[in-house]
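Presented below, as structure tokens, is a lone chain in the form predicted on its own.
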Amino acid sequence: MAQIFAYITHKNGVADDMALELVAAANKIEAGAKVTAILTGSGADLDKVCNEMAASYSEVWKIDNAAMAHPNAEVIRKALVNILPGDAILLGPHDTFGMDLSPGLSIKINSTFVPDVVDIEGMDGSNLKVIRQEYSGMATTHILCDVSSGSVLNVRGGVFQADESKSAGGQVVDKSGDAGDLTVGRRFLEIVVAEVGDVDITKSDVLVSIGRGIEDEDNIEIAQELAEAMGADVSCSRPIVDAKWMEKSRQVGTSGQTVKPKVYLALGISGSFQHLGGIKGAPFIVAINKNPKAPIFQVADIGIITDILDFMPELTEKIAG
């Protein structure tokens, strides 16, 4: 069996929520597998998160280099090529950074690449059986992935239940000296912090989120009335921002804000991976959509098939009651 690795992203000494989800994903490849986490960066924050990850991974490989002080997929890709064994199965996040890193990495190490993995069915000989989605989740694809010469898999956030056991008792191994020359053409310039609007949805415990099903800008007021009754804030999917009906700071998704509410009410949202990628922390998701095949129903705790324009006023009335 090939060795399984997980690339862990982190910020300010805190690992991304995907870190513990990748442990669960690895165990779908092989139950009880010994999984090695790989973390890159520089300084005390890197040391802090590496030590924390040792509780969940059997081994943690640390690459500390000033060139990695800020995430740079070109630099990290070069380091991974130098340290990964030839038959490694590498799990990573399916987000904007993962899609920058992984396709080129798979080419460099001559391995298979599967993006947006939503489930893993285990090994079948030298093939790994994985499931991904096509056409914004309207079709499911079952793939036999030849991992005899390694594989790179980008895993969708939120589809695997995070492994909170933290019983691995692993050790941190410094691989900085094995990373080789990390000189690349791409260089870090600056961090541009997104403007926060009148409401910071990243701090909201309850979100009433609207999508294309709202149909008209005037109908946003109905969602706002519901949010007020629930003590929630209103957020949205990308089509609402593209139509200029709400400001960018209200958008949830990989190209918008990353939110961690306790309750997420998805109204007329289809549930593309770009939108779901912005929802972290395993909230209680209630999805209302008149399309019974909407992908949002696959991740929702409660799904209701109806027109949101009929549903919202009735729920507001019941809550205000």
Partner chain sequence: MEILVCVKRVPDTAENEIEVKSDGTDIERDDLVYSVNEWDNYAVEEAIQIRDNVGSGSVTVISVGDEESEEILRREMAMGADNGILLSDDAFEGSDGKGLATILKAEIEKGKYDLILTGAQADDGAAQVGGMLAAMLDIPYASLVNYLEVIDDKKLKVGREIEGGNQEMNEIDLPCVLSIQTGINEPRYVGIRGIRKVASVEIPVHAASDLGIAADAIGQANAKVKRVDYFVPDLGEGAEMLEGDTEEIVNKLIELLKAKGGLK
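Residue numbers count along the first chain shown, from 1. What we label the rigid core is the largest C-alpha set whose atoms superpose within 1.5 Å from one form to the other. Source: prediction; values computed, not measured.
FYI, the form predicted in complex with the partner chain isn't displayed, but the following is about it.
Residues in which of 61-69, 47-55, 26-34, 253-261 have heavy atoms within 4.5 Å of the partner chain in the predicted bound form? That would be 253-261.
Answer yes or no: in the predicted bound form, does the partner chain come within 4.5 Å of a heavy atom in every one of 107, 206 and 297? Yes.
Residue among 176, 112, 219, 202 with a heavy atom within 4.5 Å of the partner chain in the predicted bound form: When the partner chain is considered in the predicted bound form, the option within 4.5 Å is 112.
Candidate from 161, 171, 165, 96 lying within 4.5 Å of the partner chain in the predicted bound form - any heavy atom: Checking each option against the partner chain in the predicted bound form, the one that comes within 4.5 Å is 96.
If you check in the predicted bound form, is residue 304 within 4.5 Å of the partner chain, heavy atoms only? Contact with the partner chain, yes.
With the cut-off set at 4.5 Å between non-hydrogen atoms, does residue 87 touch the partner chain in the predicted bound form? So residue 87 does not count as contacting the partner chain.
Do residue 100 and the partner chain share at least one heavy atom pair within 4.5 Å in the predicted bound form? Residue 100 belongs to the contact set for the partner chain.
So in the predicted bound form, is the partner chain close enough to residue 42 to count as touching (4.5 Å, heavy atoms)? No.
Residues from 140-159 in contact with the partner chain (non-hydrogen atom within 4.5 Å) in the predicted bound form: 140, 141, 142, 143, 144, 145, 146, 149, in sequence order.
Can a Cα shift of no less than 2 Å be assigned to residue 178 between this form and the one not shown, given superposition on the rigid core? Shift at residue 178: below 2 Å after core fit.
Quick check: residue 211 between this form and the one not shown - does its CA shift reach 2 Å or more after fitting the rigid core? Yes, the C-alpha position differs by at least 2 Å between this form and the one not shown.
Does residue 127 count as moved between this form and the one not shown, where moved means a C-alpha shift of 2 angstroms or more after fitting the rigid core? The answer is no; the displacement is under 2 Å.
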